[in-house]
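In the form predicted alone, a lone chain appears below as structure tokens.
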Amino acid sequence: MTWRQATREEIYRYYTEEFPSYRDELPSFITAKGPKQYALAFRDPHPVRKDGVPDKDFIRRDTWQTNVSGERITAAFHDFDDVLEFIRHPARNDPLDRSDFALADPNLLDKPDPCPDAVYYALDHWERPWVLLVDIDAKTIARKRAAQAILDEESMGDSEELLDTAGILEADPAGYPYSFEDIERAIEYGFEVREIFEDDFNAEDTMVVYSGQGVHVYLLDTDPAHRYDAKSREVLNDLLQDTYEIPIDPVVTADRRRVARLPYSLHADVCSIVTPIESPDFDVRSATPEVLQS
């Protein structure tokens, strides 16, 4: 099983050879013009064209230019092929075009064209009223498990020492701040949250996505009954954490302006495809890209 950081060549091969085969499986709200932004994270900061501006290891790009009234004027990506070209060659296909703040042209630099370690889209959306996402991270579960196992207050302040003492850093995948056991538990929690959405909230449109190091749980119903404002999202956070004792990241649930990993993008830190899943029995080994297995 491949559980390591992907190389630049492997990232490029994935987005060139394998990712296009998943285009028809992307959720319907993932379009060139739907999410208000796409974003890329780079392993190494890449320079921009304007002198004196710090290199960037994370960029957000709007999908539409707007006027002073906020009305859409010009689309940055006309179709998903444009998004794909932006992912493959971000410096050559930066929607900022020739702006001083666009990524620098790699042909004029010693640094090669950057490859994204991660591809994101904005939960804030032009064409649908809301997307609600709950994040469950294996690292959170591992740290809680370690704290319960050690029960040593002197170790509580140092996360790495705590994980090391509990044997989690040595468990597979060795060197990561969680074990496969913690990822499997995160997936189980994800389906528990989906059941809560369906049973307690009468949600009909839900989705669980393996994120590479945990899960994202979506509530996608567009019925006004599911229009969760900031206060409602805080109530939801309290319900999941306090009543059901599910270790979610409450900041993600509350913030509509966050970005989320694009389904079927590559989590390059662990060589795993971000995959929508249908069962808590999902085998994370099946998310290893084929281009990394050959």
Partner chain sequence: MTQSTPVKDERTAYRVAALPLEYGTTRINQLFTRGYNRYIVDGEDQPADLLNDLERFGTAAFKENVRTNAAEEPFVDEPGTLAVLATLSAICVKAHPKFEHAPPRKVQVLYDIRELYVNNLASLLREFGDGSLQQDIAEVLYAKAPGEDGPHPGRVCTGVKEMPEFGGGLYLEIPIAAASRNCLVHADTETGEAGELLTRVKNNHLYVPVGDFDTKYREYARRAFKKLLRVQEENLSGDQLTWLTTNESAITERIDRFIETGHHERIWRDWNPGERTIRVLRDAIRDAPDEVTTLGKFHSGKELFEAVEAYDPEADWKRDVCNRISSPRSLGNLLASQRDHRSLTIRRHGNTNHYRIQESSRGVQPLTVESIEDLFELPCMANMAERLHEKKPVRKDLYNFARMVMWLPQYQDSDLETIVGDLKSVFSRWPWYDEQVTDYQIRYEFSNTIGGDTPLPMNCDNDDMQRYCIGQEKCPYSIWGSLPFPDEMYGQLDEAESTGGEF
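Quick caveat, the model's predicted, so the values are computed rather than measured. Residue numbers count along the first chain shown, from 1.
Note that the form predicted together with its partner chain isn't included here; everything after this is about it.
**Student:** Though its partner chain is not shown, can you say which of 202, 107, 99, 222 has a heavy atom within 4.5 Å of it in the predicted bound form?
**Tutor:** Comparing distances to its partner chain in the predicted bound form, the residue within 4.5 Å is 202.
**Student:** With its partner chain left out of view, choose which of 256, 49, 33, 43 has a non-hydrogen atom within 4.5 angstroms of it in the predicted bound form.
**Tutor:** Contact with its partner chain in the predicted bound form is made by 256 alone.
**Student:** Residues in which of 223-231, 23-31, 58-66, 265-273 have heavy atoms within 4.5 Å of its partner chain in the predicted bound form?
**Tutor:** Only one stretch passes the 4.5 Å heavy-atom test: 223-231.
**Student:** So, in the predicted bound form, is residue 239 in contact with its partner chain at a 4.5 angstroms heavy atom limit?
**Tutor:** Contact with its partner chain, yes.
**Student:** Taking its partner chain as it sits in the predicted bound form, is residue 235 in contact with it (heavy atom to heavy atom, 4.5 Å or less)?
**Tutor:** Residue 235: contacts its partner chain in the predicted bound form.
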